[in-house]
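Okay, so we've got a single protein chain in two different forms coming up as structure tokens, structure 1 first and structure 2 after it.
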Structure 1
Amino acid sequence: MTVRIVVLAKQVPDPETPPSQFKIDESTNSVIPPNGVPLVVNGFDLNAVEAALLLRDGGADVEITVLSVGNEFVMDAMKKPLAMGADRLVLVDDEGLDKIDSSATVKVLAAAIEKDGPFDLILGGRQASDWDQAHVTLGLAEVLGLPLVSLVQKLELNGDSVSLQRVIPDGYQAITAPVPAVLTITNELGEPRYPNLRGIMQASRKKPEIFSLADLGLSAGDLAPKLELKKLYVPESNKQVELIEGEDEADSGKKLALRLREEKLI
């Protein structure tokens, strides 16, 4: 029996972008797109792709669909999961998806999954590297009425259930969840595999399946934001340095300890 897996993926600016290129227009509460910075697939979502591929490597018969919502997709970036080994790429591409919030993203994803599904597992990265909100996958589980396990570092299919290791601060939890389920995958799973030449060539020949909002029975009016962004700004950093000097290292250490105690830091 083929297990159908959908992996949620988001196109984001390269997180390695130098901070000096990050600019904000405070009058519109928006990020100014930096020039020359490539768009990539969110790295945590690539961990989710890797999790699905590891299930296949372990002998499971899986079909892996990568699903993304947005517009102006860069195909060289979005086809990376296909080059890694995913089977399909489904894009919901519409101008009305330019600046939607996480609640609207959930609504669009749920409609796309209903149209293209059903799926046995829905995997997403632990968060997206642009806003770091970690809202979408959790909200999707709520809307679809499916069980959710977050921060998964290892998974194994067992018929109609999945065995999981969920990361916690001092170790991990061993959890068994029914299928279908929604999982968020953490980077503790391990580095995503690098596409080989054969995978890159195969991906270049695959065409994404593209839906519009109309195809999903939605309109821009259905995606009214539920989150209000009050203020977006780059916090100012005010650093003060005090040099502690002594006659030797031991004396310097003693004076440092006394100074820290005065500040009630120790």
Structure 2
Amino acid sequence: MTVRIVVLAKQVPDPETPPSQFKIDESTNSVIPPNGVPLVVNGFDLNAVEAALLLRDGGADVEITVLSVGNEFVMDAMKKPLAMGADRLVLVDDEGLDKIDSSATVKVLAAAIEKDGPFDLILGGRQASDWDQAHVTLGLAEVLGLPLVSLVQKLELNGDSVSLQRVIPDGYQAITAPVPAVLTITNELGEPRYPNLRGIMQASRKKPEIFSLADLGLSAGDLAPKLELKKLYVPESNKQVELIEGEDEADSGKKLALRLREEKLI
């Protein structure tokens, strides 16, 4: 029987943006998109896509659906999981989703999963690289009433249960969970694969399936934020570096050690 997996994915500004290019419009409390910085799928979500693909590589009969919630999707970015090997792309695309908070995101994801499901596994990345929130996937497990295991680095399907390795500071825990289950996948799983040419060609022919809020029976009123953003700003750094300069680089190294000793730091 086909195992249906849904992977949650979020579109974010490329986190490799140099800090010097990072700017905020304080009048609207939003980030000014830096010139030339592309939108990408959150890198941690690609770890979750990779986890699903590894199950397929291992011989499981899986169908991989990528689900995202937002507005103004950049299709080149959002199709990357398809190019890696995912089967379907489902987008909840609605103007009303422009500035929602994580509690509303969870509501929309839950409604989309109910409409498009049932799914055997719901996978998310460990966190998003924009707002660094790590709780959408965790919250979704609560709202759907499913078992949750976070920080999974390895998974194996055994019929109606999954065997998991969950990362802890000095090793891992072996965990068994019944299916359906919600899992967050961590980057210890390994690098997401690069799409090959055939994958890119196939992805270019696939069309996303698009839901509006109305399709899910939701309205803007259901999505009122619980947190009100009052101010978004770039913190001022008041640190002044003391550069150690010797006659040459080796001498700088020596002087650095002596300076740290002088400060009783070593």
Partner chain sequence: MTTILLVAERDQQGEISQASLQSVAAASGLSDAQITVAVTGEASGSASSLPVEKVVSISEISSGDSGIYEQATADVAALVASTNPDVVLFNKSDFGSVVGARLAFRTDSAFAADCTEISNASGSVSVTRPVYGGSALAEFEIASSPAIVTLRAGAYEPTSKTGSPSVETAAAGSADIRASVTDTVAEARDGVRLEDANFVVSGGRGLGGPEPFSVLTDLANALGGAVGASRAACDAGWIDHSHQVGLTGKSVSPDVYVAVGISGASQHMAGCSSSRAIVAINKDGDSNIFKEARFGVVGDWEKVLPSFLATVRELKA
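What you are looking at is a predicted structure, and each value in this text was computed from that prediction instead of being measured. Sequence positions of structure 1, starting at 1, serve as the residue numbers. Basically, rigid core = biggest C-alpha set you can superpose within 1.5 Å across the two forms.
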The form predicted on its own: is that structure 1, or is it structure 2? 1
Could you tell me the distance the CA of residue 249 travels between structure 1 and structure 2 after a rigid core superposition, in angstrom? 13.9
Rigid core fixed, the Cα of residue 27 shifts between structure 1 and structure 2, in Å, by 4.3
